[in-house]
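What follows is a single chain, given as structure tokens, in the form predicted alone.
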């Protein structure tokens, strides 16, 4: 099977998955239709307002017609309005607009977390495999088990409690606006050039929406350092509680490769152990580890709800946690939909990359 044929087949396989997710979220809202309508009404719960909601969302029509309009709204960007849980604005705004503003913050946290996972887990996994059944292997496996088992919320609160004795808690949580020094404004009181705002409402940063990237692009190093101080602790928590699975998977993959015939042949030819590990074992073991790393990144992009909520990081996870408290169905449905899209796309990218690295995948 050629590569392009494999990609087309994977793209076609995405369609029923996405439709299944949209159908599931649609049915869940209809199962609690009264609560969903109440969330859309907000504070104005008059009979006329309720009737307007019923007409707007075609709730008098058959269910399959309602589902068609629901799909139309997803495609055209009409995802509804927040129910007042948007802490940035403190008002009702289009869900899609809030999603666009907050998604880069989650991307930044997820990418930094994955970078830390790679930095910590790859060396531990290699050492554990090379030093099999020795003290370094036992210690690495012990830490992997702790990392895999430890509750994220407990570890986050414990670390926050320990560090806050030396550093102000406001310097560890939230966005730059919680800092004693307001880097959003210049000395003249005007907004920094990297700040995206609408009047007095700060919408994020520009041009990428990634705080650390944008502050570097504009050369605002104090703001970059301040932003890094806010993001490093939640990123470290996410990395430490997710690296265990990577360590164990990489160790297993390397041990499997080390038992292959071509590895034994290389050793029989007199190739040094260092070259065997670096040229033959690592490359093949890393190929299979790509799958887990891609799925990890996809899961983090969906919003690290607990960590973002504890550290008040203004990403999708924090926003959805607030939405769940106030029964904001429109935001929750949008979050589930975006999370599903991210996971499906990540699976596609991982499968294509894996097929490229190992042609046996697409030939099977």
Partner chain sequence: MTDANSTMTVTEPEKVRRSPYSAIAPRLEQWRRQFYYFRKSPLAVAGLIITAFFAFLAIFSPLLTTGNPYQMAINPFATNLIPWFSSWRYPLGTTYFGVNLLPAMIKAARIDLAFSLAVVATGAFVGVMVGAFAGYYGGLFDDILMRVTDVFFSVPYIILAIAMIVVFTKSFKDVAGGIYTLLILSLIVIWWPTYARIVRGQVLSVRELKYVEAARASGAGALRVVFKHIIPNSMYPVFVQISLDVGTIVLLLANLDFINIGISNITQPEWGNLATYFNYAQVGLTLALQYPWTFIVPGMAILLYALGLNLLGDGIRDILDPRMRR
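Residue numbers count along the first chain shown, from 1. Computed from a predicted structure; not experimentally measured.
One more form of this protein exists, namely the form predicted together with the partner chain; it is left out here, but the text below deals with it.
Candidate site formed by 21, 141 and 340: every one of these residues places a non-hydrogen atom within 4.5 angstroms of the partner chain in the model of the complex. Contact annotation: of the candidates 270, 259, 222, 77, the single residue with a non-hydrogen atom within 4.5 angstroms of the partner chain in the model of the complex is 259. Comment: the partner chain is not present in this chain, but in the model of the complex one of 255, 213, 111, 100 has a heavy atom within 4.5 Å of it, namely 255.
When the partner chain is considered in the model of the complex, residue 298 lines it closely, a heavy atom lying within 4.5 Å. The partner chain is not drawn, but in the model of the complex it has a heavy atom within 4.5 Å of residue 130. Contact annotation for residue 287: none of its heavy atoms lies within 4.5 Å of the partner chain in the model of the complex. The partner chain is not shown here, but in the model of the complex it comes within 4.5 Å of a heavy atom of residue 305. Heavy atoms within 4.5 Å of the partner chain in the model of the complex belong, among the stretches 69 to 77, 225 to 233, 130 to 138, 101 to 109, to residues of 130 to 138. Residues from 321 to 344 that approach the partner chain in the model of the complex with a non-hydrogen atom closer than or equal to 4.5 Å are 321, 324, 325, 327, 329, 332, 333, 335, 336, 339, 340, 343, 344, in the order they occur in the chain.
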